[in-house]
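Quick heads-up: it's one chain on its own, the form predicted on its own, in structure tokens.
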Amino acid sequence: MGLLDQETTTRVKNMLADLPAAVKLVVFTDDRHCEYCTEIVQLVTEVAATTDLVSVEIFEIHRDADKARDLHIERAPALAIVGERDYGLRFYGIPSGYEFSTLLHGIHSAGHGHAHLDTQTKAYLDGLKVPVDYQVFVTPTCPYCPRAAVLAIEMAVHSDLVNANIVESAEFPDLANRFSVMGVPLTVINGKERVEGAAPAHMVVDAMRRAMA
């Protein structure tokens, strides 16, 4: 039985109909422990079936350690969304519930290769000199989380120095505990600067400035 009903499948097909370039969904599972790996593989496979421009590759993080290192994947389940180049879009956990829209936005952005950001934000990102580790903690039941996650995706697509890591906090309690995640969405920049809630771009830019001061 499919995870996507006919209505959702049609919406996905329509959303991805204008992709100008191919997108790969690279999934990393974990044979030792992975509660939702089967569902993640099924979900992305069903999404890919809606268009010839989206393909799926599946790896096991321990058995395919070289591939994981190439894509800077250190834990699973993980999903790398790769367009004509790797924009650093990563989703850790299952992109279900409200986060399904984040998955679709990531595919759309990677396929188009350009970001919808205001001029000031683009100017700041264009001036970056060092990499930015941009984490967004989310849950599938949070209606505000996609807004924070999409901003991370947009910034990563615009700048080669920004990596967007969307983390489903319930599946990675070690990370959630490390960063004292009490509510979502929570944005963490370079492991130290925090922005709570679905903050606008200028607040995230301010956090980047502080993180690199």
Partner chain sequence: MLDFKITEDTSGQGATGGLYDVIIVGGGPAGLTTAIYASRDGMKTLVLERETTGGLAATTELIENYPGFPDGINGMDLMERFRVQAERFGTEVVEFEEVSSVKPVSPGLIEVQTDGGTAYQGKTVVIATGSRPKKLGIPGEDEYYGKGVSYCATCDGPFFKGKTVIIIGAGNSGLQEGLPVLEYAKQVTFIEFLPYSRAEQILQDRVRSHEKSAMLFNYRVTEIRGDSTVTGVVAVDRATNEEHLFPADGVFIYVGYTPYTRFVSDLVELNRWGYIESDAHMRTKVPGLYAIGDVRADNPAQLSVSVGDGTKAALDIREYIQNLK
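Here the structure is a predicted model, which is why all the values come from computation and not from measurement. Positions refer to the first chain, counted from 1.
The form predicted in complex with the partner chain is left out here; the points below concern that form.
- Here the chain stands by itself, but in the model of the complex one stretch of 25-33, 63-71, 176-184, 157-165, 176-184, has heavy atoms within 4.5 Å of the partner chain.
- Judged against the partner chain in the model of the complex with a 4.5 angstroms heavy atom cut-off, the residues Arg11, Thr141 and Glu196 are in contact without exception.
- For Glu57, no non-hydrogen atom is located within 4.5 Å of the partner chain in the model of the complex, even though that partner is not displayed.
- The partner chain is not shown here, and in the model of the complex it never comes within 4.5 Å of any heavy atom of Met203.
- Contact between Leu128 and the partner chain in the model of the complex is not found at the 4.5 Å heavy atom cutoff.
- At the 4.5 Å threshold, heavy atoms of Ile94 reach the partner chain in the model of the complex.
- Contacts between 32-66 and the partner chain, taken as any heavy atom within 4.5 Å in the model of the complex, involve Tyr36, Glu39, Leu43.
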